[in-house]
Ligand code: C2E
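One chain is shown next in structure tokens, namely the form predicted on its own.
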Amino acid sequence: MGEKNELFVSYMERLIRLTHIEPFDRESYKELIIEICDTYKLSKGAIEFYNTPHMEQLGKGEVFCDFDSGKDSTILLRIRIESSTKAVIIGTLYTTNDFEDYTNEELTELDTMLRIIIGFVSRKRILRMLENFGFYDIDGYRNFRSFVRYLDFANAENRLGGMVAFHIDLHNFTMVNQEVGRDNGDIVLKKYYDLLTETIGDKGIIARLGGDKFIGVLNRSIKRQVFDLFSGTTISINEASDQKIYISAATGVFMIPNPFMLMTYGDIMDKIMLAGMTAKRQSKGSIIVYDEKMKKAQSHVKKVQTEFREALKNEEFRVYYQPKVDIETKKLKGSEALCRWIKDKTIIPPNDFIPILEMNTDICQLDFYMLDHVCKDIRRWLDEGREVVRVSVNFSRKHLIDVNVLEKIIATIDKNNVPHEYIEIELTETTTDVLFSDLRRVVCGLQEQGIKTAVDDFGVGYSSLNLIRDLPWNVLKIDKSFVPKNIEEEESIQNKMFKHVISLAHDLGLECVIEGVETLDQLEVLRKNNCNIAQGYFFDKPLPLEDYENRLDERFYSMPY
């Protein structure tokens, strides 16, 4: 065997050894590549890797170059391979423009070595690609598989005990997308994730469940730094812009006891999800730590959700009507339909089931049930010759994800042959996680059909003025917490705000209804600010059907005030 053949065999042996042993010796491999290029008078060697042929066409891939002399070069040998996974690997060898021709033997040797290198790079890159497919989502976030893999490793190494598991759900991120656009919203989300990832470092993991929801575990030593980011931090959209977005999260936390042995992923997931749901219902930036009381609450949730459909079928839900009164004339002006669940002759308080039904779309079924029963009552009253007043029916904003909700509301009313003027649809203001365009579509559609619309709980949500500025409401229902408690303190901030909100509503042609009126002092506040319509226990609590029909027949309140 000639000297050159022996050298080729030596290169082959070294290449195979270096590309098939772990851990990979990067420096020795690079030295060998430089030596081969020098022996064969190559000016440059490069490997390109593309995930798909389409990415190859776009030029979006990775290029690896371990030797480049910087001299003017021409392509000597180029090999393109498309793997069974549709990844594309291209190997290219270059020589200087003034170098003499290579022999067939030399070209064969270079072809053989280049294929070994291509095989090595493709194997490494495909393994990494499979790692990305398996443990990262399409946007580059660690996924649920990454999270459970971390749990498995930490559990096997007995490291989970004493760590902190968490679930976060970013507050009002739909509104962020509306404010800055979805592309910028994606940038803000990724920057927040990267900030958390950097802060957690090698002391835990954070992974995305989907959308703006994340889970993870971390060492207690960094709990304060990470929790500060959960409570709220400012993220800039880009370096060139001064625009910054404040991001906070509803956080559910499980303080993993020590010692702790993970038997199923539910041992952690169930707890952080339950605490997270509780945090979602709390104030902005809240952090809720799991405790056993939540387990009992979860049992109640499951019980309500299980019994709901049967209760709906058996008509256990009843319509109670709370009157709205003109405080000057003492005349009944309208009413609000409120739901009561009567089970085994016991009234279940609304707070014990309404928030649970709002966790999913069960509340939508209940809303239409209520609307249908209100329409049936109104139709009967009309047929009996009663003087009917407008009835408001509450609708959850969860309906807005249904593109056909407007048509369904109208169909329910028309099915019962009820004139549209007797129905008012209330949408609570405190829910802000809906697209404004969907809200506009429904409100404007109802207006076109002569169906009144009301903003419920005005003054509770942060977007109050935007709502009455941009949408054509008929009625403003002002929450009792917004009403001043002392009429004498005219210079107080609350009195001034109340006065100007009422004045603004009147200027916009909106009817004002004050909720929760219970005292004569409150009535005086309303009178002084030209608010004529009141609803509350001062006049009536929510009334069962028969009692409300008596009120409907009486028309006027006889109480002296």
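Values in this document were obtained by computation on a predicted structure and should not be read as measured data. Heads up: residue numbers just count along the shown sequence, starting at 1.
What comes next is about the form predicted together with the ligand, which does not appear here.
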{"item": "Check all three, Gly59, Ile79 and Phe120, heavy atom within 4.5 Å of the ligand in the predicted bound form", "value": "no"}
{"item": "Touches the ligand in the predicted bound form: Val301 (any heavy atom, 4.5 Å)", "value": "no"}
{"item": "The ligand contact in the predicted bound form: Glu426, any heavy atom under 4.5 Å", "value": "yes"}
{"item": "4.5 Å heavy atom contact, Gly181 and the ligand in the predicted bound form", "value": "no"}
{"item": "Non-hydrogen atom contact Glu515 with the ligand in the predicted bound form at 4.5 angstroms", "value": "yes"}
{"item": "Contact stretch among 391-399, 242-250, 224-232, 204-212 - heavy atom within 4.5 Å of the ligand in the predicted bound form", "value": "391-399"}
{"item": "Contact assignment for the ligand in the predicted bound form, among Gln322, Ser286, Thr278, Asn143, heavy atom within 4.5 Å", "value": "Gln322"}
{"item": "The unique member of Ile363, Ala311, Met113, Leu406 whose heavy atoms fall within 4.5 Å of the ligand in the predicted bound form", "value": "Ile363"}
{"item": "Within 4.5 Å of the ligand in the predicted bound form: residues from 344-372 (heavy atom criterion)", "value": "Pro350, Asn351, Ile354, Ile363, Asp367, Met370"}
